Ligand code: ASP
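For reference, the chain that follows is the form predicted alone, supplied as structure tokens.
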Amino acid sequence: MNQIRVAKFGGTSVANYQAMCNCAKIVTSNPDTKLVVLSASAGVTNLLVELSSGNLDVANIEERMGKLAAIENSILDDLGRPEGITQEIEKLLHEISDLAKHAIIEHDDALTDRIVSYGEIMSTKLFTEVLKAQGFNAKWFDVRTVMRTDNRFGKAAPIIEVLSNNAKEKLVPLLNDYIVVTQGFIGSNAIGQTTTLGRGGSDYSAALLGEAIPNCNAIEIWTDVPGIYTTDPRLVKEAHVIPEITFSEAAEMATFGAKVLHPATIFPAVRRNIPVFVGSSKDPQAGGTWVRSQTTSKPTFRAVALRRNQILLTLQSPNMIGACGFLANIFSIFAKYGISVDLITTSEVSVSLTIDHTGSQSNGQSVLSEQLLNELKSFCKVRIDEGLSLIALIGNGMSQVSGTGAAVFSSILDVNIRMICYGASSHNLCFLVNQDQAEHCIAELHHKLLEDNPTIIQ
């Protein structure tokens, strides 16, 4: 078999018929692109989350269903409403309506995942039809037959060995003869229940599938921007696309706020050393960013990322003094509730740490449940600070270069910094600021460290 490319398209890339045609042109322009992974069309997942909540009455369900049907029917209309696919989409919409009404009576996370999964199912069926209408040999594939996960609905973890075996048995043989179109974001557990990998999980799905295909030589992430920028161009007009970046730098950027890549995307690619390309489906000729194990340039400062809506938890107890196991107790509680801690600093009697306000569950629920807080309060005082933003400078050898701290903090002398983490990685310097100072902070750092005449670190 020839080398295989996996192409993943986000929600805005498959928002309507014309957008799907643009994606089809990208796919078919490279004969190595044999596996296509899609998100739901833009706006669909949010509607499905509302429909799955159990909080809507019948009238509101019908109103949301009208909006959902309008998105899908618009694509069908432009396709010419072929009988087969039209009947399939109408059947799926009817099933969603029935399940949403059932959610009013009996709601659980498993039902939420089942309802939310319909977005990817519909977009992939429609895109397969677009390819077929253009004369290409395309085949729709249900990713749930290979993407085995655990039972954690809303943020399921893939079972890599089972996924790999399933893909080799059921998916890989199809790639010889078809352009295979499948879903991102969704999977199934051992008894066949639909699960989701968490919001943004379509990138992760594409990388996992690429890892499972023995001869995959590139994973393409097509979105609505032409690559990974030095910072968010909506905040700083001088931001520019980075032509190439290392896996380590990209992982730091994705983790600390750059939204072009899902944070987990990098890790399957790293395990197999598969290059990842990020480009714009709206303007594929504009180039993009290659993420590789090694790059020709390794600047001290590569980019600056922003993550809003951070929580700073300060846990205080005099029992910490000279005691063993205090941190172990804290992290065992976070592990129990599936929460990832980002930054952490300690003193003799307190621990401060940061977590995302909303987490990354499909249903968007806050990670700070009452049960979790009660467990923490059973052995320490808990203070919660909100309205904070995390700033992360990304680069190379930052903790080994003299003057890094001076260059950074002299750029933002007027900013009140709440917490600093530096030295654990040579690729980042992270700190918390008040949310109302975040954009000013990003602009100053970009101007002083990343633009035409940046501060030079010897």
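If you're wondering where the values come from, they're calculated on a predicted model, not measured in any experiment. One-based numbering along the sequence shown.
The next section is about a form of this same protein that is not shown, the form predicted in complex with the ligand.
In terms of contact with the ligand in the model of the complex, the residue from Ser389, Ser52, Asn428, Thr45 that brings a heavy atom within 4.5 Å is Thr45. Taking Gly288, Pro268, Gly154, Gly201 one by one, only a single residue has any non-hydrogen atom within 4.5 Å of the ligand in the model of the complex, and it is Gly201. Here the chain stands by itself, but in the model of the complex one stretch of 103 to 111, 201 to 209, 347 to 355, 130 to 138, 201 to 209, has heavy atoms within 4.5 Å of the ligand. With a 4.5 Å cutoff on heavy atoms, Ala40 counts as touching the ligand in the model of the complex.
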